[in-house]
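First, one chain by itself: the form predicted on its own, in structure tokens.
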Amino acid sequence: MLAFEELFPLPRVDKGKVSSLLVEGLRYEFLRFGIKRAVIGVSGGIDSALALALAKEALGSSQVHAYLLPFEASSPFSLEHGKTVCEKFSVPYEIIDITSMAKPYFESQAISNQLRQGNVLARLRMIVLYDMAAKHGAFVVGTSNKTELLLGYSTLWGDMASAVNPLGDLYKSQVRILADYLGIPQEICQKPPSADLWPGQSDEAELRITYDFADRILYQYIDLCRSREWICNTLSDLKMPLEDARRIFQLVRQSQFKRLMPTILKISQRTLGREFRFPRDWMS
């Protein structure tokens, strides 16, 4: 019997080829709309660090504007790691503390639930980034990876919002490989993944699934189109519990609405999102 890692391998990535494709793709998306500058929120984590490195390669360090957006409960290490990666790639950055934006709302609505607070913080950060994009005549670069997007581990109109996302087709394991390849500092690459939405918050603890396991299952399920039955039967043959795989299937199904634009109910001949096509969909 083959081992779990052999039957459920991690998705591979050609580091040089994929890095070049992402850099060229970013440059193309910006320049075809006449946009020369990028705005990016840098959290101190590996995903935003990789997105920053790719944007710098695509546009040049002086054309990328990084923003570090701490809240009073944010880890001080997040801020320090954010500064480290900006300085590593010579990208100018600004620190904007969002505590004074968030606390009055939390207090006025008596919000103590951590999930609600985290979603508010994610959306407030995106308000700042889009305002800075308007200030600089820039596009916002996204930082959500494929694993997060498929599991719904992201905030709609918060960290999911962007004009272009270079990481959205990279699983977390692939992000780690490319980050190491592009020279992201090891203290960022190796620290436990966290959205830093509240003290001690951990992605994997909140998801109740490791990224390693999620990537292996999602790669079979999404990319290789293996059926849920095949995945569960194979895990059963390996004497592995099925609860985590079933949770992944449930999360993918439940979060599909996050990956779609809002449905427009059709009453006319050409409806936006259905028959309508314009420059972002095709080139004149």
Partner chain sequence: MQKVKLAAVSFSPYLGDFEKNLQSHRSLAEHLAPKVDFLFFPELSLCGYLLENLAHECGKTLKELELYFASFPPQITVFAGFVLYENGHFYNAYAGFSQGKPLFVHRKIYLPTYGMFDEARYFSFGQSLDYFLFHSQERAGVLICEDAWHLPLPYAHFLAGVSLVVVPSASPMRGVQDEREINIERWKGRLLCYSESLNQFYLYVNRAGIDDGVLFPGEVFLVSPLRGLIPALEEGEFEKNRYKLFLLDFEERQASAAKGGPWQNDCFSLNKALLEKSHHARF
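Positions refer to the first chain, counted from 1. It should be emphasised that the depicted structure is a prediction, and the values quoted were computed from it without experimental measurement. Think of the rigid core as the biggest set of C-alphas that the two forms share within 1.5 Å after superposition.
A second form of this protein, the form predicted together with the partner chain, is not displayed here; the remarks below concern that form.
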I'd like to know if S268 sits close to the partner chain in the model of the complex, meaning any non-hydrogen atom pair within 4.5 angstroms. yes
How about E24 - does it come within 4.5 Å of the partner chain in the model of the complex, if we only consider non-hydrogen atoms? no
Taking the shortest heavy atom distance, is Y219 within 4.5 Å of the partner chain in the model of the complex? no
Would S20 show up as a contact with the partner chain in the model of the complex if we use heavy atoms at 4.5 Å? no
Tell me which stretch of 220-228, 31-39, 50-58, 234-242 has a heavy atom within 4.5 angstroms of the partner chain in the model of the complex. 220-228
For a quick check, can you give me the residues of 244-264 that have a heavy atom within 4.5 Å of the partner chain in the model of the complex? T263, I264
Compare the position of the CA of L260 between the shown form and the other one after a rigid core fit and state whether the shift reaches 2 Å. no
Could you check whether the CA atom of R12 moves 2 Å or more between the shown form and the other one, using the rigid core for the fit? no
